[in-house]
Each structure stands twice: as structure tokens, then as C-alpha cells.
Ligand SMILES: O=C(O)CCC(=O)C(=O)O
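Single chain ahead, by itself, as C-alpha cells, in the form predicted on its own.
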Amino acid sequence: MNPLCLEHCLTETEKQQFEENGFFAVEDAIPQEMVEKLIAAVDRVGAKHLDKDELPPDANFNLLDFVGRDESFIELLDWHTTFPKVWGILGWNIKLYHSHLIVLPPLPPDEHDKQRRLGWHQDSGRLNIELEGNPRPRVSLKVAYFLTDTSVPGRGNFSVLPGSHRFNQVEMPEDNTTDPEHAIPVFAKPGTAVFFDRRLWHAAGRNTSDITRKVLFYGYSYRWLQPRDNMTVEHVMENADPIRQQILGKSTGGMGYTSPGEKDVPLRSWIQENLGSEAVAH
């Protein structure tokens, strides 16, 4: 794994922001040339998904399980500026359990002034029904890589309720058009990575601009959680290094997920060798 990871470990400020607010952002997490490379991959994969020769300007789609569709997406699995922060929050017994690509074009002009509540939700489906506790366990987080500019309002901004990861339910206004009190947009320039707790109440904002929003979401969880999509990555396993194989879900067997040995979690050994035994104490 890239030794530059050691220069981008989770900071105390980021840890505090994540625990208190449920999210934090890292600007310039990926350089502009990588952003352009990823946009080109999104456009290729999107065109194929829509069965088009090229991605149309009004393309609008959500694509799950995108990570194995292009090598540039695989590169982000253990990206040196972001992955250390993932293990800094969740620990070393982790994997990618979900990937989600969203392309959101501008709304038609006649929709701009219509008032509609955003689609507020927590991630992970039935985990929010079947797990006990208030709040329920974290279990997973997402890293959202913003490829297009959402640094000003009206561009489909990622919207959040800071601190709402501590509540199983949030109160919504009765009028069905107003967003909950204290909701805020997250302003993100191209190349920004936003880390957020799966329990954080969040939504995609309305895109009233002339720019199509393109975002990649990487969902990391503990290795014992069932994948949320098909994880079509077997074709990249052979050429992946051991840590990437762990991230992609490899295990020595069923017991390896809940009682992992050295071969199951090479990330643990790497962290221990580079950061010491205290970093893998649990």
C-alpha cells in the first residue's frame, strides 16, 4: 500500500467532527488530473449503462456496483489521502461493501421554483429497522468523491443534518415541502472527499444550475456485513495486492469474517508495522 497513507491519517479535528457532526470534508483529496480521469471513466461507464455511444448531456442515473467497471475506480479503494481516515474511524477489519455512482443533470427550468422536500434518509435499509439501540450502531461509512463543482448553492448539493447520526428519527415539518430545521448544504469543489456516518440523515439537493452533478460513493463496512450490492470484482482480484483483496471482500472462509486471521486482514499487519501495536490494539 502507498506509504503516503501515513501522512494522511485521521486527525483529532476530523475525528471530533465525525463524532459530533457525523461528517467532515477533505478538499483536494484527489488532484485535478485524477478528477478528469474519473469523469472520463464515469462518462464511458454511464454511456454503456444507458446503451449509448456517448453520455448524453441530460443523462440521469444511479449506478450501483460501479467500482469494478474501470481501473481508475479501483485506484480509489485505498487512495492515500482518504483510506487512512476510513481505517482511523472503523479500524482494520473492513472492506468495501457498496459502491454508488450518481449522475444528476439540471432540472428543467419550469421545475426550478417548485418547492419540494428533499429525500432525507439514513443509509443501509433494514439495518435501521432491525438493529437495536438509539442510536443504532455505526457499522459503516461512506466516502463521497465530488467530481463536479458543488461549491455554490443550487448544484444538487449534498445536504445533511449535522449531528443527526445520534438519532434514529428526526422531526420533519408538517407541510411536506419544507426541509427539517438545521439542514445545511455541503459545499464541495471538484476533488473534495466527504466522509459521513451511514446513520447521518442526508439528501441530494435540487440541481437548478446548468452543471450535471457527478459523484462517486464508496461504502466501507466491517467485513462481516453482507455486501449491499453485487460487488462484481472477481475479475480484478488476481492482480490486486493483499490489502486490496481484503477491501474487495476476500476471506479464508466464513470464520475469517468474524474471527479473522493474518491472511484475512493484511491491513492489520501493515498498520502495525508502520504505526505500532497501539494502532491495532483491538
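Nothing here was measured: the structure is a model prediction, and the numbers come from that model. Residue numbers run from 1 along the displayed sequence.
There is another form of the same protein, the form predicted together with the ligand; it is not shown, and what comes next is about it.
For the options K85, K95, H165, H202, the residue carrying a heavy atom within 4.5 angstroms of the ligand in the predicted bound form is H202. Contact with the ligand in the predicted bound form, judged by any heavy atom within 4.5 Å, is made by just one of R116, K189, H121, H80: H121.
Remark: R138 does not count among the residues lining the ligand in the predicted bound form, judged by a heavy atom distance of 4.5 Å or less. With a 4.5 Å cutoff on heavy atoms, F73 does not count as touching the ligand in the predicted bound form; it lies far away.
Residue contact check for F217: one or more of its heavy atoms lie within 4.5 Å of the ligand in the predicted bound form. Contact between F195 and the ligand in the predicted bound form is not found at the 4.5 Å heavy atom cutoff.
Partner proximity in the predicted bound form, defined as non-hydrogen atoms within 4.5 angstroms of the ligand, places exactly one of 87-95, 121-129, 179-187, 106-114 at the interface: 121-129. Shown without its partner, the chain has H100, I102 in segment 94-116 as residues with a non-hydrogen atom within 4.5 angstroms of the ligand in the predicted bound form.
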